[in-house]
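Consider the single chain below, provided in C-alpha coordinates and representing the form predicted alone.
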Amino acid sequence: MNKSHVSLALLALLMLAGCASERFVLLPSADGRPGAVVVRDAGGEVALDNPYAATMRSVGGKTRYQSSVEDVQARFGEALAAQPPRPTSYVLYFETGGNVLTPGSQAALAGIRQEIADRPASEVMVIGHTDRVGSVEANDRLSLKRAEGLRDVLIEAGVAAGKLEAVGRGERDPLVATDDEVDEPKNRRVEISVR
(Lines give C-alpha, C1' and ligand atoms only; values in the text may rest on other atoms or scores of the structure.)
Protein backbone atom coordinates (compact mmCIF):
# COMPACT_ATOMS: atom_id res chain seq x y z
CA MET A 1 0.00 0.00 0.00
CA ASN A 2 1.50 3.34 -0.93
CA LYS A 3 1.76 6.36 1.32
CA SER A 4 -1.31 8.15 -0.06
CA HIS A 5 -3.51 5.04 0.44
CA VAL A 6 -2.32 4.75 4.06
CA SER A 7 -3.11 8.43 4.63
CA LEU A 8 -6.62 8.05 3.11
CA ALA A 9 -7.32 4.95 5.23
CA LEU A 10 -6.15 6.76 8.39
CA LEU A 11 -8.29 9.81 7.51
CA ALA A 12 -11.34 7.56 7.00
CA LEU A 13 -10.79 5.93 10.41
CA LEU A 14 -10.45 9.31 12.10
CA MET A 15 -13.65 10.52 10.43
CA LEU A 16 -15.50 7.41 11.60
CA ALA A 17 -14.14 7.85 15.10
CA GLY A 18 -15.33 11.46 15.05
CA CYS A 19 -18.86 10.25 14.30
CA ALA A 20 -18.97 8.00 17.33
CA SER A 21 -21.55 8.92 19.91
CA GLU A 22 -23.11 7.56 23.06
CA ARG A 23 -26.81 7.80 23.80
CA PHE A 24 -28.34 7.50 27.28
CA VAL A 25 -32.10 7.21 27.78
CA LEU A 26 -33.80 6.87 31.18
CA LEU A 27 -36.45 4.18 30.84
CA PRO A 28 -39.46 4.07 33.15
CA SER A 29 -39.23 1.55 35.99
CA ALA A 30 -41.37 -1.58 35.80
CA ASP A 31 -43.14 -0.71 39.05
CA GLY A 32 -43.85 2.93 38.16
CA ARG A 33 -41.51 4.43 40.75
CA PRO A 34 -39.57 7.51 39.63
CA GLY A 35 -35.92 7.10 38.78
CA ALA A 36 -32.98 9.29 37.87
CA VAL A 37 -29.44 9.01 36.56
CA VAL A 38 -26.61 11.50 36.15
CA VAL A 39 -24.41 11.20 33.06
CA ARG A 40 -21.04 12.70 33.96
CA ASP A 41 -17.82 13.21 32.02
CA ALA A 42 -14.94 15.69 31.86
CA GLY A 43 -17.23 18.21 30.15
CA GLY A 44 -19.80 18.27 32.95
CA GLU A 45 -22.94 16.39 33.84
CA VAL A 46 -26.52 15.97 32.68
CA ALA A 47 -29.29 14.80 35.02
CA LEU A 48 -31.98 12.61 33.51
CA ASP A 49 -34.90 12.59 35.93
CA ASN A 50 -38.09 11.75 34.05
CA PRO A 51 -39.03 8.80 31.81
CA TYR A 52 -37.44 8.97 28.36
CA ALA A 53 -35.23 11.93 29.25
CA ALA A 54 -32.10 11.44 27.15
CA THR A 55 -28.69 12.76 26.30
CA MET A 56 -26.33 12.07 23.44
CA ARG A 57 -22.59 12.59 23.79
CA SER A 58 -20.41 13.00 20.75
CA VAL A 59 -17.21 14.77 19.79
CA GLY A 60 -19.21 18.00 19.50
CA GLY A 61 -20.47 17.84 23.09
CA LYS A 62 -23.64 16.73 24.86
CA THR A 63 -27.20 17.23 23.74
CA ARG A 64 -30.11 16.72 26.15
CA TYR A 65 -33.47 15.82 24.62
CA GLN A 66 -36.75 14.06 25.31
CA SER A 67 -36.95 10.63 23.68
CA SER A 68 -40.16 8.59 23.34
CA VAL A 69 -41.46 5.04 23.49
CA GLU A 70 -41.36 4.90 19.69
CA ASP A 71 -37.77 6.18 19.46
CA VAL A 72 -36.55 3.75 22.13
CA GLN A 73 -38.30 0.86 20.40
CA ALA A 74 -36.83 1.81 17.00
CA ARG A 75 -33.27 2.22 18.34
CA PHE A 76 -33.09 -0.38 21.10
CA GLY A 77 -36.06 -2.71 20.58
CA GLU A 78 -33.98 -5.80 19.72
CA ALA A 79 -31.65 -5.33 22.68
CA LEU A 80 -34.53 -4.73 25.10
CA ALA A 81 -36.38 -7.81 23.83
CA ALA A 82 -33.26 -9.93 24.46
CA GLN A 83 -33.12 -9.04 28.18
CA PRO A 84 -34.14 -11.67 30.69
CA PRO A 85 -37.26 -10.94 32.75
CA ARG A 86 -36.75 -8.86 35.89
CA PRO A 87 -36.39 -10.79 39.16
CA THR A 88 -39.53 -11.38 41.18
CA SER A 89 -39.49 -11.55 44.98
CA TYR A 90 -41.92 -13.30 47.29
CA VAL A 91 -42.16 -13.33 51.08
CA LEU A 92 -43.74 -16.28 52.87
CA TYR A 93 -44.46 -16.26 56.60
CA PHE A 94 -44.26 -18.98 59.27
CA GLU A 95 -46.17 -19.88 62.40
CA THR A 96 -44.34 -19.26 65.70
CA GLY A 97 -41.24 -21.32 66.47
CA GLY A 98 -41.30 -23.80 63.64
CA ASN A 99 -41.26 -24.66 59.99
CA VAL A 100 -45.02 -24.44 59.23
CA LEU A 101 -46.19 -21.80 56.75
CA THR A 102 -49.15 -19.58 57.58
CA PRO A 103 -52.26 -20.47 55.52
CA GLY A 104 -51.87 -17.39 53.31
CA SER A 105 -48.26 -18.23 52.54
CA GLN A 106 -49.15 -21.86 51.83
CA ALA A 107 -51.66 -20.63 49.24
CA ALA A 108 -49.01 -18.45 47.54
CA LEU A 109 -46.77 -21.43 46.74
CA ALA A 110 -48.68 -22.35 43.56
CA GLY A 111 -48.00 -18.93 42.05
CA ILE A 112 -44.30 -19.16 42.93
CA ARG A 113 -44.03 -22.61 41.32
CA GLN A 114 -45.69 -21.24 38.17
CA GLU A 115 -43.34 -18.23 38.07
CA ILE A 116 -40.33 -20.55 38.20
CA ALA A 117 -41.80 -22.82 35.50
CA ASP A 118 -42.51 -19.84 33.22
CA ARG A 119 -38.87 -18.73 33.23
CA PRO A 120 -36.80 -20.92 30.91
CA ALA A 121 -33.48 -20.41 32.71
CA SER A 122 -34.54 -19.43 36.20
CA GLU A 123 -32.42 -19.28 39.34
CA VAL A 124 -34.12 -19.30 42.72
CA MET A 125 -32.65 -18.01 45.99
CA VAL A 126 -34.49 -19.06 49.16
CA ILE A 127 -33.46 -17.04 52.24
CA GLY A 128 -34.76 -18.02 55.68
CA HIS A 129 -35.27 -15.56 58.56
CA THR A 130 -36.50 -15.68 62.16
CA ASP A 131 -37.82 -13.33 64.81
CA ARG A 132 -35.63 -12.54 67.85
CA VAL A 133 -37.12 -15.14 70.21
CA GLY A 134 -34.46 -17.70 71.18
CA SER A 135 -30.69 -17.75 70.89
CA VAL A 136 -28.79 -16.51 67.85
CA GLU A 137 -27.48 -20.05 67.23
CA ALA A 138 -30.97 -21.60 67.43
CA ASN A 139 -32.35 -18.93 65.09
CA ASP A 140 -29.55 -19.55 62.61
CA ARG A 141 -30.48 -23.24 62.54
CA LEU A 142 -34.21 -22.49 62.29
CA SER A 143 -33.80 -20.01 59.45
CA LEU A 144 -31.74 -22.51 57.46
CA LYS A 145 -34.29 -25.23 58.22
CA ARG A 146 -37.05 -22.97 56.88
CA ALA A 147 -35.11 -22.17 53.70
CA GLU A 148 -34.16 -25.80 53.08
CA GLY A 149 -37.71 -26.94 53.80
CA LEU A 150 -39.12 -24.57 51.19
CA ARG A 151 -36.39 -25.57 48.75
CA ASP A 152 -37.43 -29.22 49.24
CA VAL A 153 -41.11 -28.35 48.69
CA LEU A 154 -40.18 -26.67 45.39
CA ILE A 155 -38.08 -29.68 44.33
CA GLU A 156 -41.01 -32.01 45.14
CA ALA A 157 -43.18 -29.75 42.95
CA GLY A 158 -40.86 -30.37 40.00
CA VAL A 159 -38.34 -27.51 40.20
CA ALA A 160 -34.86 -28.73 39.27
CA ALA A 161 -32.61 -28.85 42.35
CA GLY A 162 -29.80 -27.17 40.40
CA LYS A 163 -31.91 -23.99 40.07
CA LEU A 164 -32.30 -23.60 43.84
CA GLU A 165 -30.05 -22.24 46.57
CA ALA A 166 -31.10 -22.07 50.23
CA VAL A 167 -29.45 -19.99 52.96
CA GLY A 168 -30.38 -18.93 56.49
CA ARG A 169 -29.92 -15.42 57.91
CA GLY A 170 -31.29 -16.08 61.40
CA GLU A 171 -32.47 -12.93 63.13
CA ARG A 172 -29.95 -10.64 61.38
CA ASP A 173 -32.20 -8.98 58.76
CA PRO A 174 -35.57 -8.25 60.39
CA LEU A 175 -38.38 -6.64 58.41
CA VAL A 176 -39.52 -5.06 61.69
CA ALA A 177 -36.84 -3.97 64.15
CA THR A 178 -37.55 -5.33 67.64
CA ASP A 179 -35.85 -5.86 70.95
CA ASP A 180 -34.48 -9.29 71.79
CA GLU A 181 -37.08 -11.98 72.66
CA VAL A 182 -39.90 -10.13 70.84
CA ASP A 183 -42.22 -12.39 68.82
CA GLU A 184 -42.73 -10.48 65.53
CA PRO A 185 -44.66 -12.45 62.86
CA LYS A 186 -43.26 -10.44 59.92
CA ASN A 187 -39.72 -11.46 60.85
CA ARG A 188 -40.56 -15.20 60.68
CA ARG A 189 -40.28 -15.51 56.94
CA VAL A 190 -38.59 -16.89 53.87
CA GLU A 191 -37.79 -14.59 50.99
CA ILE A 192 -37.78 -16.21 47.56
CA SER A 193 -36.12 -14.41 44.68
CA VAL A 194 -36.84 -15.81 41.21
CA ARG A 195 -34.50 -14.51 38.52
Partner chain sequence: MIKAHWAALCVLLACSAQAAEPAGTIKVVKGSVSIERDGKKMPATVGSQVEIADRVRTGKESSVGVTLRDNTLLSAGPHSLIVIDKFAYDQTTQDGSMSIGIRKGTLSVASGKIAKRTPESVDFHTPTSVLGVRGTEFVVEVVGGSDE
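Positions refer to the first chain, counted from 1. All values derive from a computational prediction rather than experimental measurement.
From this point on, the text means the form predicted in complex with the partner chain, which you will not see here.
Each of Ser21, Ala36 and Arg40 places at least one heavy atom within 4.5 Å of the partner chain in the model of the complex. At the 4.5 Å threshold, heavy atoms of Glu115 stay clear of the partner chain in the model of the complex, well away from it. With a 4.5 Å cutoff on heavy atoms, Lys145 does not count as touching the partner chain in the model of the complex; it lies far away.
With a 4.5 Å cutoff on heavy atoms, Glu165 counts as touching the partner chain in the model of the complex.
Interface membership of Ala30, defined by any non-hydrogen atom within 4.5 Å of the partner chain in the model of the complex, is confirmed.
If you take 172-195 and check each residue for a heavy atom within 4.5 Å of the partner chain in the model of the complex, you get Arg172, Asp173, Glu191, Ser193, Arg195, in sequence order.
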